[in-house]
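Take a look at this single chain in structure tokens; it is the form predicted on its own.
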Amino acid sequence: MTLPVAGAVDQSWPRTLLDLVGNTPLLRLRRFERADGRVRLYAKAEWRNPGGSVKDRAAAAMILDGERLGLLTPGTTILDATSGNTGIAYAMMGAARGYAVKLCMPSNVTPERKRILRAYGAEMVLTDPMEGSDGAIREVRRLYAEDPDPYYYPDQYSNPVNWRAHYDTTGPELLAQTEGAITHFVAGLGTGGTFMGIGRYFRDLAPHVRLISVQPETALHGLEGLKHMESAIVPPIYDPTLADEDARASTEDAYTLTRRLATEEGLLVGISSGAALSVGLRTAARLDSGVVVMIFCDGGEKYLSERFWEEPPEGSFVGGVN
């Protein structure tokens, strides 16, 4: 790496924290591929964003949009519901840009997430863990309806800027990084922003790409950050007709594959990445050839208190190619 000459101004270098968001690597998962090599597997390493997750993209876009519209001004508090990652992005960027941040979130999110939010100075309103992210959504709506004046409420579940951030950045990155060779795209559903934005980009610019969404197979699951749409408050930005296939992932498969990614690929990632990989492997198994790209939403550091890291695997993943 060549450093800039002293005194020179290099406009390509990041100038603010938000300039670090995006342009994440695309990693090949060779140890999970078939021996014949005819189906390639890739993971978009979204934990390389400064806040550690894919949610940095949408949070940055919504903050900048709020500033542009005059809704987010000095003295305003950013308020939203989150399952953790968007909240961390808000808290990090709020600290960098001088805004207070107040977040409604389920009380059972991992201790690591709570500690990160405290480190950034965010205020947390913890909601009933049995209600999941839906309980946090209901609480943030109540708080905002009660007294909207102090707040900028981006409402990540309803804000089209969420999905547009991925249409403008993540989608073009994937098409360029695969040199147009991508044939199948796999991503989990939380707010739906990542899948909607990238999926719409491919529909417009690369309609040959098959779009596969991922959600938990049951309402009661351990896939933090993912929504079981049939039993949840459906985010207004989510369009179920966009996906060519809506696949389901089990908590057990996701845990097993998350452990395997650490021990076999050296990738310490979150549980939703294991869920995406489980669907990516099932997809690859039925292809003669192709390029399957999965979104790995965040890193595993925020999940190290979870018991599944300590428990031995209950057998190898069934249904994949390895």
Ligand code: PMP
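Counting begins at 1, following the sequence as shown. None of these values were measured; they are calculated from a predicted model.
The same protein has a further form, the form predicted in complex with the named molecule, not shown here; the description that follows concerns it.
Participant: Using a 4.5 Å heavy atom cut-off, which stretch among 72 to 80, 247 to 255, 123 to 131, 218 to 226 contacts the named molecule in the model of the complex?
Facilitator: Stretch 218 to 226 is the one.
Participant: Do heavy atoms from each of K55, L189 and G193 fall within 4.5 Å of the named molecule in the model of the complex?
Facilitator: Each of the three qualifies.
Participant: Looking at C297, V279, M62, L41, which has any heavy atom no more than 4.5 Å from the named molecule in the model of the complex?
Facilitator: None of the other options qualify; the answer is C297.
Participant: Within 85 to 115, which residues come within 4.5 Å of the named molecule in the model of the complex, counting heavy atoms only?
Facilitator: Contacts from 85 to 115: just N85.
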